[in-house]
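There is one chain below, alone, in structure tokens, taken in the form predicted alone.
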Amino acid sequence: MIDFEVKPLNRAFKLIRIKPQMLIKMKEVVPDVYYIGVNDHLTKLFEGLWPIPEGVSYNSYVVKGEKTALIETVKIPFIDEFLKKVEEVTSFDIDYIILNHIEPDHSSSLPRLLEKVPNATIYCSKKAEGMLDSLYGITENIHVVEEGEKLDLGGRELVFYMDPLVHWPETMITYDTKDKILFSCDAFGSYKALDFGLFHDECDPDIYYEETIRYFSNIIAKYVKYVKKAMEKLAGLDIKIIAPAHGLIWRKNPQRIIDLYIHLSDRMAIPGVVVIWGSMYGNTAKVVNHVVEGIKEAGLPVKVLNFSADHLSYLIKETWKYKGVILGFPTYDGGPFLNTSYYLHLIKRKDLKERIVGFFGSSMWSGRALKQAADQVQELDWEVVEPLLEFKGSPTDEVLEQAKQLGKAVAERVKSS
């Protein structure tokens, strides 16, 4: 089993304070291939949904042969920084613009870029062609790419592979045959700005590893069957470097990030338990430590999160990561606590299957909330560990002991699985 636990950060990393104006310098990936992306420390919610307290990068690349191709652009608020880098590397002498993905964080600088390079030919998939018109009114100088098509730059060749629904239907991947670089678009990407280095061997990659898992579970997870198809398609390629649209470039050991994606797309999980709880008046909260005690007695790692204090982005990520899940929440309006209901909705939407789960929570006059939640997760082939520990009002000593046994039972079931 792959271990993707994060190592503790060393003290030097913890003391660094990143300012929003910190920029990534243009950098050579290999001779004649350049990184010209930007850091975003201004956006608070990626896609307007997912918190990025440590920012995110928008990665763009220039590939030079006798002709020059630019792969991806950046989000429009960073257009001035981006154009300076484009000019520095190319003097705006660009023959091709490769659009692996049309989502605006990849493409919204395109209209401004075309003002500088109006004769450049845009390479994109068939579905992307219509999206270019819808988003930007761009209809000219577009070349629609076919599966496996090659672009000869003169001394360097690019090959295009369709990658639909990872995570939009128009997505494709670009492969450089000379230096074996996979420009992988959103695949193998992560949250977190590139403040500690561009390449995974320039920094401690573990500080990005957890953010890769969170990015996958938030953005890519719903489309895991398409991720698996893409991985199978690319399995025969000799990949020396993975250059994604967000996050680190993997150049010395790309297999590590490939293995993680295989692991995540198979919905595999490490043997541990995440406890996620919420409480209105403190009654459900009184049980949490006893559940955790039972898990620890069984000898498994445990992560504790709160439905009211922790963003759903992190709840989804930890549920994707751990095999065992214990949910604690009170009854509200005759059903699960509202934040719990939204969590259950997203877990179903992300199609996360095959977890082992236990439930506990307080109620007063209605006893349906835990059963309703259990019925929902069983639709995803989650195994529910009985009994559902529902109690009236404040927990008694007997309930607290049952809570400890619930934690232990879920942990033991995880170990045996």
Ligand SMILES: Cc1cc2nc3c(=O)[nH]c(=O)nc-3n(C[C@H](O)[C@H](O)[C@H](O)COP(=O)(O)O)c2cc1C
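Small disclaimer: the values here were computed from a predicted structure and weren't measured. So that there is no doubt, residue numbering starts at 1 and follows the sequence shown.
We do not show the form predicted together with the named molecule, though everything after this point is about it.
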- Please run the contact check for Thr90 against the named molecule in the predicted complex: heavy atoms, 4.5 angstroms, yes or no? no
- Message: I'd like to know whether Gly334 contacts the named molecule in the predicted complex, with contact meaning heavy atoms within 4.5 angstroms.
- Response: yes
- Message: Would you classify Asn39 as touching the named molecule in the predicted complex, given a 4.5 Å non-hydrogen atom cut-off?
- Response: no
- Message: Test of understanding: in the predicted complex, would Gly282 fall inside 4.5 Å of the named molecule by heavy atoms?
- Response: yes
- Task: Please pick, from Pro205, Pro254, Pro330, Gly272, the one residue with any non-hydrogen atom lying within 4.5 angstroms of the named molecule in the predicted complex.
- Result: Pro330
- Task: Name the stretch: of 379-387, 363-371, 65-73, 348-356, exactly one has residues whose heavy atoms fall within 4.5 Å of the named molecule in the predicted complex.
- Result: 363-371
